[in-house]
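Only one chain is shown below, in structure tokens, and it's the form predicted alone.
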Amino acid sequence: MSAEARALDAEQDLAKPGASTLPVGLLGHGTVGAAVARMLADRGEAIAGLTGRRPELAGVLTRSRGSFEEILRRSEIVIELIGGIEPARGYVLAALRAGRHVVTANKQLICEHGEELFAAARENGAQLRFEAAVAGVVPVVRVLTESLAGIEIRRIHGIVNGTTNFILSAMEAGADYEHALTQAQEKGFAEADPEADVSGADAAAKMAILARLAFGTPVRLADVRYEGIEHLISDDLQYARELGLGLKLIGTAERLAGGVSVRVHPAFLYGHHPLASIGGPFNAVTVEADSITEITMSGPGAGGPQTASAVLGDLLSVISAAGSPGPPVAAPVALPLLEDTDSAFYLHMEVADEPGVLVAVAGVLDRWGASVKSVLQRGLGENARLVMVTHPLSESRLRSAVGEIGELPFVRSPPRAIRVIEEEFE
């Protein structure tokens, strides 16, 4: 019998009574939901061997079939894979308030309504698990809420969107942005409408969740400063390679003097950085703290089987922790959210091919407190380019300097600035 047939039998043969049976309600049957149903059918016996409970589908809810009320009545655990805010929020709240454990892969829901859901879980003795909402099979949620729960996290940063990482990897290999995006769509790494991915919004929602877990302060999507990759051009990647740099879309959540900063933006990395070698549709997250230095986790970031694997891992955690409130998500603590942070920067300028250009640009940077780490001068005549990497300075000062440089008479178009992460690890 095929896996699909076994999954269908499990749906139709509703949870039989018996100590070994664990009735599971499945909300949503798209790419990920169908993969979860297949895995439950394929791995049911193995899960029973590990936990003493055999998960069986108590019903599936889609737009055209199933009753949420009936599924809730028959289930001990509810898996929500509908996505979006409503009706997912209403279903998850109803399940938690009924004392049902919930597993979800819904980053928008956790990002925007996490506090409400965490409170409902605490008040009703239910577990809310959401590993699959952040970085695919990379177990960063479990690490933050369990393995590293007792230490003070200093910074989390990483590649949390596989679509953009694939596109940037293709651009570094010579493709332009449009061709790289088409490749990603053809391979199934990008949606027909890739806006949420390429704009940075998807990564921003994930970083908001990680910031909440690491620092305890509520962060929503509107609190995260983010920019995407649509404006990048292959020239920048080629020049940066000469400077020993590679480009990634990086999400950062860090504790600073006076508060917390959460942001997403393209950033150049030097070759020895732990994230520099992560290519294609992969995710990686680095957690830093004084007591551990740094831990880097990586793995596939998206796709039906990959996300379903993370969902299944959460299901096992729920079964194993039955009767406990995990994972621990502490009551919120308000911390100021900071916007003006320090960074090194890559600057690309199209300039006239004439004497004094470098001196004049360096003079503007010096007035705004920026010192130059490295310089490239390329091209002649109308193709003259000046490329620099600065030492760190505040973003507000850099923006002011770039604005002034753009008004110099020999600058032919607005300068481009991209952040550079200076840390190098041997």
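Numbers for residues come from their place in the sequence shown, where the first is 1. The structure displayed is predicted, hence computed values, not measured ones.
The next section is about a form of this same protein that is not shown, the form predicted in complex with a small molecule.
J.: Spell out, yes or no, whether the shortest heavy atom distance between Ala190 and the small molecule in the predicted complex is within 4.5 Å.
T.: Close contact exists here: in the predicted complex, Ala190 approaches the small molecule to within 4.5 Å, heavy atoms only.
J.: Is Asp197 close enough to the small molecule in the predicted complex to count, meaning some heavy atom within 4.5 Å?
T.: Yes, Asp197 lies within 4.5 Å of the small molecule in the predicted complex.
J.: Report whether the minimum heavy atom distance between Arg129 and the small molecule in the predicted complex is within 4.5 Å.
T.: So Arg129 does not count as contacting the small molecule.
J.: Do Asp314 and the small molecule share at least one heavy atom pair within 4.5 Å in the predicted complex?
T.: It does not: once the small molecule is placed as it appears in the predicted complex, Asp314 has no heavy atom within 4.5 Å of it.
J.: Pick from 199 to 207, 339 to 347, 233 to 241, 143 to 151: which stretch has a heavy atom within 4.5 Å of the small molecule in the predicted complex?
T.: In the other structure, the partner sits against 199 to 207.
J.: Answer with one of Arg263, Lys107, His157, His101: the residue that has a non-hydrogen atom within 4.5 Å of the small molecule in the predicted complex.
T.: The option sitting close enough to the partner is Lys107.
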